[in-house]
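Next up is one chain by itself, shown in C-alpha cells, the form predicted alone.
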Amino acid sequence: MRVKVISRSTDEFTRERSQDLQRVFRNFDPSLRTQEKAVEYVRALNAAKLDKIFARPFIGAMDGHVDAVSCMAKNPSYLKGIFSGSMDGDIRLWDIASRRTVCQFPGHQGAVKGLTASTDGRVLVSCGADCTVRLWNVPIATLEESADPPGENSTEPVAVYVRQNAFRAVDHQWDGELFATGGAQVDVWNHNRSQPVKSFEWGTDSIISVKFNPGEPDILATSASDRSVTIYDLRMSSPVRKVIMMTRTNAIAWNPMEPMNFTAANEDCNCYSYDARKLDESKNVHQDHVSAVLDIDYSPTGREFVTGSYDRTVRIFPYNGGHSREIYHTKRMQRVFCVKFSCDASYIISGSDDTNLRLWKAKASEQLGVVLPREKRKHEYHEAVKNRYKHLPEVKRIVRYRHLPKLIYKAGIQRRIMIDAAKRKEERRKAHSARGTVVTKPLRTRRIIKEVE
C-alpha cells in the first residue's frame, strides 16, 4: 500500500521574523476555484469604486502673481523648479515642494509671452510684448533660498535684445546653444550674439508658438495666426513644409519618445496629432474640450499629454486616444493659459487667468508619500483586475464617470447636438445628390485646407 504525505521544507514556510507574514500555499487549479471570475469581477468593481473615493487630484495653489499667468517653463536640471511669467511682466522661479517663490526676475515692461530654460538649466530666456528678449542667470535653488520671503532674492538680466516688433513665443534647443523666438518672423539666436543668427519668414502673419524637436536639434515647428503649422530646418535657408487648417493653432508639443510626431492645440476645441513627415492627414483627433485649447504639454514618458483650455478645465489625454482620461477643475479657476507636466511625470502645473499656479496629481487617486511594498503590490493588482474587466458595463461606467461643472456639461451637450446636426445634414445632402458628387471627408482630414511644400 502506497501512502501519500505532505512534505514541506522548514526553510520554505518558517518565518524569519515574528513580524513577517505567514506563507500560504495555494492550489490554482481552475477546477478547484469555480468562483474565480466572479470573485475577480467583484474585486474589479471595488477597485474602480476605491479609485473614485481616493481621487483627490488637487494638491495646492501657488499664489504670488498679481496678474494672469501667461506662460511657464520647466528647469531640466532641477526637478522641483518651475518658472512662470505673468501679464504684468513679473517672472518667478517656484519651488514646487514648498510651493514658494525662490527668485524673481524683474525687468519686462509688458506681458511676458514666452519662457524657456537652457538644457543645463543655468540660463533662462524670456520674451514679451515690450519687444525685448532677456537672458537671465538662474540661481541654484535650495530649500534655504525658498524659505526667504518673496522679492528679497532677485536678479538682473545678463543680456537684453531689442527688436521692432513684439515677441509671442520662445523655445530653446534641447541640446545646443541656440534658441528661437516667434513674432513678426522666426528668429534664431545664439547666447553670445546680440543679433539673430538666422531669420525665417513665410507669409506676413505673426508667429504664435515655437517648439524645437527633441530628437533633431535643427528642426522646429511653429504655428501662426494665418492658421498654418510650419516645419523649419535650420540647415536650410527656407522653411520646409506648411499645412493650413480651418482654425488657428495656439500651441504645439513634440512627443519626446517619438520625436517625429507632434500634437497641435487648436481653436476648434480639438487637438490634432501629426506625423511631421506626412502633414496632409492627422494621425489622431483628440476631442472633449468645449472651447479653444490654449496650451499643451507632453509627459516625459510620451504616453500622454495635458491640455489647458479657455473653458477653465485641464484635461489629460492618452497620446493615441480620442478622448481624455481625466478632467481637472475648481470653482475659482478661470481660463487656463498654460500647463506643464513635471519632469518626473507625477504632477501637473497649470497657470490661469486668476493669477494662481495650481499643482495637481497626474493620477488622481495616486497615494502620495512612501508606499510600502505590500501597498505597491495591492495597487498593481487593482490596476490589473480593472484592466481585465474594463469592457464590462458596470466597471466601464464607474471608471468613465467624471463630475463636470454645470456650464461645461451643458456646453458639451450643445456641442454634441451641433455635431450630430451637421452629420445628419451631410448624410441627407449625400442621399439626395448624384452618386459621387458629395464626398464625405474623414475627421482626420476635414479641418485641413491644404499642404504647402
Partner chain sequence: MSEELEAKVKRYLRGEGANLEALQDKKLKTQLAIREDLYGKSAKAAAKAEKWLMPSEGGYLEAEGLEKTWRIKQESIAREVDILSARNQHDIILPDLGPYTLDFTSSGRYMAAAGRKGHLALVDMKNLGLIKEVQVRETVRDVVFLHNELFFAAAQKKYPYIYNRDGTELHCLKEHGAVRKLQFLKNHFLLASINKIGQLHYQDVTVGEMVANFRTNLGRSDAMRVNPFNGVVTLGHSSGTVTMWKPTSSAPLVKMLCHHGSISALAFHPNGHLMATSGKDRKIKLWDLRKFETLQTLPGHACSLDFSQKGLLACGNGSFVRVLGNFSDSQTYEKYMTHSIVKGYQINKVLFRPYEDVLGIGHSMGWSSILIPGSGEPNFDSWVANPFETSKQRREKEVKSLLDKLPPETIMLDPSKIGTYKPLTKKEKPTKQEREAKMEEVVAAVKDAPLKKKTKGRSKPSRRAKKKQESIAIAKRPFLEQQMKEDGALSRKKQKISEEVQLPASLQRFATKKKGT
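Numbering follows the first chain given and starts at 1. Because the structure is predicted, anything quoted here is derived from the model rather than measured. Just so we're on the same page, rigid core means the largest C-alpha set that superposes within 1.5 Å between forms.
As for the form predicted together with its partner chain, it is not shown, yet the points below apply to it.
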Contact of R33 with its partner chain in the predicted complex (heavy atom, 4.5 Å): yes
Contact test in the predicted complex: Q414 vs its partner chain, heavy atoms, 4.5 Å: no
Touches its partner chain in the predicted complex: N320 (any heavy atom, 4.5 Å): yes
Contact of Q22 with its partner chain in the predicted complex (heavy atom, 4.5 Å): yes
The unique member of M418, I53, V42, V66 whose heavy atoms fall within 4.5 Å of its partner chain in the predicted complex: V42
Stretch in contact in the predicted complex with its partner chain, which is absent here, among 386 to 394, 403 to 411, 424 to 432, 53 to 61 (heavy atoms within 4.5 Å): 386 to 394
Partner contacts for 254 to 289, taking its partner chain in the predicted complex and a 4.5 Å heavy atom cut-off: none
Rigid core superposition, R23 Cα moves 2 angstroms or more between the shown form and the other one: yes
